[in-house]
Ligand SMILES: O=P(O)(O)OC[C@H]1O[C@H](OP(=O)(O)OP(=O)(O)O)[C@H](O)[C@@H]1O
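What follows is one chain in structure tokens, specifically the form predicted on its own.
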Amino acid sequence: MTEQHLMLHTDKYQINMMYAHWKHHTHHQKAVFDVYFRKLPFGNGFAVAAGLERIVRYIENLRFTDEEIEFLARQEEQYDLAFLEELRQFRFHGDLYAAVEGTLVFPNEPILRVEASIFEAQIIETAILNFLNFQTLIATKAARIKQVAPNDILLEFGSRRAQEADAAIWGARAACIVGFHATSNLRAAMLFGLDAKGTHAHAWVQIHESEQEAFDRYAEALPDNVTLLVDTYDTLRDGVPHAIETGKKLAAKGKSLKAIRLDSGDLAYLSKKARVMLDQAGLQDVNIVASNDLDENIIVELKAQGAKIDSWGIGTKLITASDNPALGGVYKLVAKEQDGGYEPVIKISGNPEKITTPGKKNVYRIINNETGKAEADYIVMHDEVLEGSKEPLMLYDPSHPFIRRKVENYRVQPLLTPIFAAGQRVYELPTVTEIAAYHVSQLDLFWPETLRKLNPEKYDVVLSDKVWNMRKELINQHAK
């Protein structure tokens, strides 16, 4: 069911607006929409772009089925039959540009741009925001976890707490593009080429006459991949000693116990005690895996307490982004076709942060050639061309324009990559492994102060003079 009827994975007002455009013969008018978010989640210094693969697959398969047309025909608006026939012929013929997955992105900069007929651009809004907001949020949360445990094994364990099946598989993928090593979800592993990892449940122990029997029988069944859950009864008195006994039996057969897993109790204390017990038994190579509602904040505390944990199973708090459950990305009209070109448009609001930045725009990442670090992201009109250090660049603080700095020895990196041109995909989708490697290269562009978990240094997103003046001019026009 999840891949069916995605054409109607939209809000009803999109169809109503499409119908009104069709009635007034304006449905072929071209428009430009920007997708961006206004505020970083989790108090983080950056977000990680994600969701593009699903957006691409969605756009490539946009078709109204007979069943969907029949459903729309039953709506109370009583759409004209000729309009429904127009929908039957629907295809996306527009252009789409996006920050590719794994890119570090920041508030108030376009991370996706749609240029298409208003008919096409309106109907894809809801789905694009749904896919991009969720996956970017989860990738950003996962990146925070990766930062505090950069050398540990990270496992995505969120399926049973995710908000339904699609969230489970795409959330697992979002975690893996920023460096998680595996997922417990077999479907996600199959679909996206991820590693799948798992142990056993408490039920495996409970159904046996003894914990020792449960461990021994599990090891007999899967001798090459034995991780034992040791907290069903008493972790230190029963679970770890029984796991050690199973480990010794495996060693006698030329096999080895891979790990034990702690899923409850004081993880710092239990892991330290378990590490001593394993080492004294000659099982120094056995790892300790921890789970139990973990996130970056708990992991930092456990590490500060000297926890002897090698691998982390992260579930609920990652897949639900429990401390910041929505990104809040928006899809805003910034230009409309007029007299053979594009006329910038603006949305004015009583909330200053909701005033849009008009015009068809590009974004460049300004990279200092001496340090190799990003200085700022620079938003320009689409006809402005930056070529690096040919001329000095003055960067104004977006909130306080009197604060400025000049950059001279720099190169530029376009943030938006062509994905679709005239409805045809022109971008080769990378693998998760390739995205993860690209994400690491992105992190290298930024100072640790921007990347740190707590109180990160703000990274500037700067408007060119042309964009700034256009915005001010339109605000003044509407004020009059």
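Numbering starts at 1 and follows the sequence shown. Small disclaimer: the values here were computed from a predicted structure and weren't measured.
Form predicted together with the ligand: not shown, discussed below.
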Is A98 a contact residue for the ligand in the model of the complex, using a 4.5 Å heavy atom cut-off?
no
Would D293 sit within 4.5 Å of the ligand in the model of the complex, counting heavy atoms only?
yes
Using a 4.5 Å heavy atom cut-off, state whether K360 contacts the ligand in the model of the complex.
no
Does any part of T316 reach within 4.5 Å of the ligand in the model of the complex? Heavy atoms only, please.
yes
Which one, H181, R161, K258, K249, lies within 4.5 Å of the ligand in the model of the complex by heavy atoms?
R161
Sole residue of D238, D263, D166, D216 within 4.5 Å of the ligand in the model of the complex, by heavy atom
D263
Stretch from 386-394, 101-109, 153-161, 118-126 whose residues place a heavy atom within 4.5 Å of the ligand in the model of the complex
153-161
Judged by heavy atom distances of 4.5 Å or less, which residues of 27-43 approach the ligand in the model of the complex?
none
